[in-house]
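The chain that follows stands alone, in the form predicted alone, written as C-alpha cells.
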C-alpha cells in the first residue's frame, strides 16, 4: 500500500500519527516578558491533530530577538508558559517541538537589551527594515562577532534546549534558515570572515555543527531537527554556490543521526526570485527523515510522500486558517481563506477564531 500524508511515521524518537506537519509560524502574540499566554495555548491546542507541530521561531536569549511580542525559551516564566502549551497539545494526542532561534543581524537596537547593536558573522548591513514597537525602522550595521563570543552563543542554545525539556517539548528544531544567525554564517553573501568561521565550507558550517553537537549532547540526536533554506533570498541573503554549500551542509549533518532535516524548498516571504536548486539531490544526500516545505497542497504532499522525496510535509498558511487541516485534507473539504492582515500581532481575531468543519 502506497504511503501518503495520513501514514504514520517516526522521525527519530518522535512518533507522528500522520505526516502533515504544522510549519513554524511567527505570529507576534506572546505576553509580557516573552511568556506564552492563554490564547497561545488555545492556538496550538486547536492544531494538535497535526502529525507534528513545530512552534513559531523562539529566541534563545535576550540578544536573539528581532521582532515584537515574541515568546522566548530562556526564563522560568517562559518555560511555565510553554508547559501549558505542550500539556494541551499532548492531552489531544499531538506532538510538538520548539524551533530555537537567534536572528543575528535581522534585529534593531530598540528590540535588544540596553539598545545593543545586533550581531552577525560580518559587519554587513542587510537591506530592508526591522519591525519594531515603533514601526518599521531601517536595519543598522551589525557588529561582527568575535570568535571568543561564539562559545557563549552555543551555550545559549544549550540553555534553551534544557528549558525546552523542562517545558515538556518532544524535541527541538535548530533554526538555520531564512537569513537568521546560523544561516548568516552558512552563506557567503553574509559571511566574509577571514578566521576559522569564514571562507571555506568547513569554516562557514562550523558554528552550525557546534550548535547541533551541543544540542544533541543535551537532548539526544533522535529529538533534534535542523531547518535549512538553501536558496531563500529573504532577509537580503545569497550564496555564490548554493548547491555546493548546502549539499555539503546536508552531508555534514549525517554523522549526528538527527531526527530530521526540514527544508524550505525555494524562496518565501517575498524575498525575490530564488536561485535554481536541485532539492531531489539535496534530499538524497541526507540519510534520515526529511520534511519538505513550500507551497505544497494535499496532492503535491501525497506525491512527495509516495515518491520517497519527503517523509513529512510542512504546511504554513493553510494551518493558520485551518486548525483542522488534517481533517479537511482527509475529507477533501474546502479550506478557509487566510486573512493576511491578522498574521502578525493582534488579538484572538485571525488567530484562534477560524472555523472548524461542522459535522
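Positions refer to the first chain, counted from 1. This is a predicted model, so every value here is computed, not measured.
One more form of this protein exists, namely the form predicted together with ligand 8OZ; it is left out here, but the text below deals with it.
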So which of 246, 279, 234, 286 gets a non-hydrogen atom within 4.5 Å of ligand 8OZ in the predicted complex? 234
Let me know the one among 41, 57, 30, 325 whose heavy atoms come within 4.5 Å of ligand 8OZ in the predicted complex, would you? 57
All of 13, 169 and 260 with a heavy atom within 4.5 Å of ligand 8OZ in the predicted complex: no
Heavy atoms within 4.5 Å of ligand 8OZ in the predicted complex: does residue 67 have any? yes
Is the gap between residue 178 and ligand 8OZ in the predicted complex 4.5 Å or less for some heavy atom pair? yes
So in the predicted complex, is ligand 8OZ close enough to residue 49 to count as touching (4.5 Å, heavy atoms)? no
Close approach of residue 351 to ligand 8OZ in the predicted complex, 4.5 Å, heavy atom: no
At 4.5 Å between heavy atoms, only one of the stretches 73-81, 120-128, 178-186, 216-224 reaches ligand 8OZ in the predicted complex; which one is it? 178-186
Which residues within 18-43 place at least one heavy atom within 4.5 Å of ligand 8OZ in the predicted complex? 26
